[in-house]
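Below, in structure tokens: the form predicted alone, a single chain.
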């Protein structure tokens, strides 16, 4: 193929762009903001890899098994094996382009343990791993930009894909500066748009990652997968704008969770699960915290100041800035919050969706994490998935495109103009706020049938008025037109949660509290003219 459009310029998008350009393709890298403002820079904890100097007893096969077990065996073994087997190559590549991982006084790489891991295999760069990796990838991308192989398009929002007879031919973009829609044609399109934070309002993630792209593509015929699996990170703190993540690195360095009872500390995770209780998987810890009904604290004050400064400096600064507390002396008040979405666009092993030449990478693609993601695997999956998609695209011949999209594009421009002229009493931000209230209330850490059905009823109402919303000139036009796709994604998510009548990983049903071995399959959901259909992927179609 000659030309590829990549929507999203975080770690997954950058990795794919660099590899495609390195293969001689011309890449158009599209995003509303520079890479330095992507959600990827917020990934503080680290990246998992078993390398040649691994901890005694560790192995690639152990990493594979931990990942499969952590995801309750809903991720495909072939996919996970590929991810873990290429981890050392990814670490060496990152080092080669300037990523500086933390080392000890003898220059040996330092690794920490994350929840659900049998060994210490998480490489990190102080407390800003994502930020350092983004910086290295940006410099590499700029080198390829200078060579004319990558073209950056900033301040551009995805509007829709250009699809004809099941084949993606490009994208339609909304330009923030002009307010116009314009097409970009390409041999392949790669979505790297992150998760679905807008569904829940205040989360640990970036508001840029709102799920609209997945929702719109869903309405255009792309299948979605495993939407019911939403990871709540157990340790976050409240701020006026969002939930701030207290990295799993804190517990990896020995941090202890507790609550107060009769003036004494109760280390509830250790009491129930032993010495590694604080490093259980995120779904387990979040449910245990929820079940206590008490205020929970995370303590690292017993660590020496040098360890905190050197390994947890960003967490120290965050707590001082937003909570006005010194973690060298005071415990951190924490609570679970929506953090990561294991579900997303359904993709094959090569990261192509069910629509030809439309690919998805990073968090917006559902592939490696099953029912629950292990900390440290997200950065690994972002880079690996970008590489896999790039290799598939570079090995294909270009399809001849003879379809004229002019009429379709004009209709979409007219629809957008009508929306902006609407005099409806429903402003888009009002409905967005109601949506996040509905999702938090009905799709929390613990779910049950009546609340899920209630949530679906509320979504049906929001969808019924979505075409009549009023354009709010105080916000970006994108925040108005994106509502329809976000609502469709939210409805599909609730449908998936209702359909899975068991508890598995991050999906816990109080009315079906046990894991059902007969439901060891992924959920696929499709859209047809307003009809949502959820079906089991028993043959692992997307992972074979």
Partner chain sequence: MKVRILRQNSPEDQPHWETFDYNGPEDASVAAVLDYINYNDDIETDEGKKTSRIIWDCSCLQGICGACAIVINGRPALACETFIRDLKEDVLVLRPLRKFPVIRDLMVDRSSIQENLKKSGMFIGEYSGSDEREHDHQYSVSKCLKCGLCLEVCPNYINGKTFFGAAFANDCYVVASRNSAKSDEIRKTYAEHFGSGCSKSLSCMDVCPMKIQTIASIAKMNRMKSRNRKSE
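Rigid core here is just the name for the largest C-alpha set that superposes within 1.5 Å across the two forms. Positions refer to the first chain, counted from 1. No experiment lies behind these values; they were computed from the predicted model shown.
What comes next is about the form predicted together with its partner chain, which does not appear here.
- When contacts are judged by a 4.5 Å heavy atom cut-off, residue 297 does not count as touching its partner chain in the model of the complex.
- Using a 4.5 angstroms limit between non-hydrogen atoms, residue 433 touches its partner chain in the model of the complex.
- Interface residue remark: residue 262 is not counted as part of the site for its partner chain in the model of the complex, having no heavy atom within 4.5 Å.
- Proximity of residue 126 to its partner chain in the model of the complex: non-hydrogen atoms within 4.5 Å are present.
- Only one of 185 to 193, 405 to 413, 93 to 101, 264 to 272 lies within 4.5 Å of its partner chain in the model of the complex by heavy atoms, and it is 93 to 101.
- Only one of the listed residues (335, 417, 167, 429) places a non-hydrogen atom within 4.5 angstroms of its partner chain in the model of the complex, and that residue is 429.
- With the partner omitted from this view, the residue of 387, 160, 206, 451 that lies near its partner chain in the model of the complex is 206 [heavy atom within 4.5 Å].
- Contact annotation for 517 to 534: no residue has a non-hydrogen atom within 4.5 angstroms of its partner chain in the model of the complex.
- Remark: with the core as the superposition reference, the CA shift of residue 395 between this form and the one not shown stays below 2 Å.
- Comparing the forms between this form and the one not shown, the C-alpha position of residue 96 differs by less than 2 angstroms, with the core used for superposition.
- With a cut-off of 2 Å and the rigid core superposed, residue 411 has a Cα displacement that falls short of the cut-off between this form and the one not shown.
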